[in-house]
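The chain below stands alone, shown as structure tokens; this is the form predicted on its own.
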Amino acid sequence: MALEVKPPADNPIPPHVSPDGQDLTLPPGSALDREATRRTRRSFIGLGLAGLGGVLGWRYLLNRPDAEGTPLPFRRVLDANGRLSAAYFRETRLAPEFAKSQGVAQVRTNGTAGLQSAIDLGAWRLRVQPYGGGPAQEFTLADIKALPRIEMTTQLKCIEGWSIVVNWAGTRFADFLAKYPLASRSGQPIRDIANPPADLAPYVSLVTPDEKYYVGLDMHSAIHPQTLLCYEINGQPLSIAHGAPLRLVTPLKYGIKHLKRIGTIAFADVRPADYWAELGYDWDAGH
């Protein structure tokens, strides 16, 4: 017969009881009771010291000198991430591609910087400043569409943590520079992205027509085979909210690099200004 143990009627909290009915409550003042109290106090003090250390450590980090708008310790971590991303980058490393049917029907818009001014799509021109100087050249959307058309369905990843699968169409940036060799001092076109001209610019800058949004890319990322000057999304021309008439798509980078409504492209010897990098984010923004 099982032994049933009931708590006293005047005590609603039952004592600690072993399976055989023995009361395991520590006698007050006993050696075990004193040891349990000591350990509880030690744990409480340790937890308090750990919390205080965390608060002080956080304040210490936030009060370090800034580097490019970010406390120096955090900037060093971001720069280390950028170096790791750059070391991992290869022209042959491609972002996964999906069946067109896997793309979302409604692509969310995120961010309006550079899109708030009025635009006449018919009068729009892409201005490209040649590397090394010289007058800027202008291109119409028809000029861009005359280049080889590339369609791909890739994942757009946001720095906020969400991602969606989107179908894009446009021309490779590398094909644009092969047709219009504006990124090398000698005027040599890019015929093989794995072996570009020796005097190719190391960086490229892309800016919206109102100059309110701007991104910088290293040239190897710009001429990656999946980096597009994009004019269609899900089989339709870009909407104003998605960056019409022309935007950048580079799926090995987070969405903060996918500049909408390209106005000007220029080439540089040093890292160009970047909207989100100036706000403390990783300049490379690769994943």
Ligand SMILES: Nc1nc2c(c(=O)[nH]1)N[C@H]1C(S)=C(S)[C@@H](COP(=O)(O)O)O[C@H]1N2
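Heads up: residue numbers just count along the shown sequence, starting at 1. Here the structure is a predicted model, which is why all the values come from computation and not from measurement.
The same protein has a further form, the form predicted in complex with the ligand, not shown here; the description that follows concerns it.
The single contact residue among 208, 167, 205, 171, judged by any heavy atom lying within 4.5 Å of the ligand in the predicted complex, is 208. Of the residues 140, 110, 188, 153, just one reaches the ligand in the predicted complex with a heavy atom at 4.5 Å or closer; this is 110. Here the marked residues 162, 255 and 259 all reach the ligand in the predicted complex, each with a heavy atom within 4.5 angstroms. Per the 4.5 Å heavy atom criterion, the ligand in the predicted complex is contacted by stretch 208 to 216, the sole one of 171 to 179, 208 to 216, 131 to 139, 97 to 105. In the predicted complex, none of the heavy atoms of residue 244 sits within 4.5 Å of a heavy atom of the ligand. In the predicted complex, the ligand sits within 4.5 Å of a heavy atom of residue 158. Residue contact check for residue 115: one or more of its heavy atoms lie within 4.5 Å of the ligand in the predicted complex.
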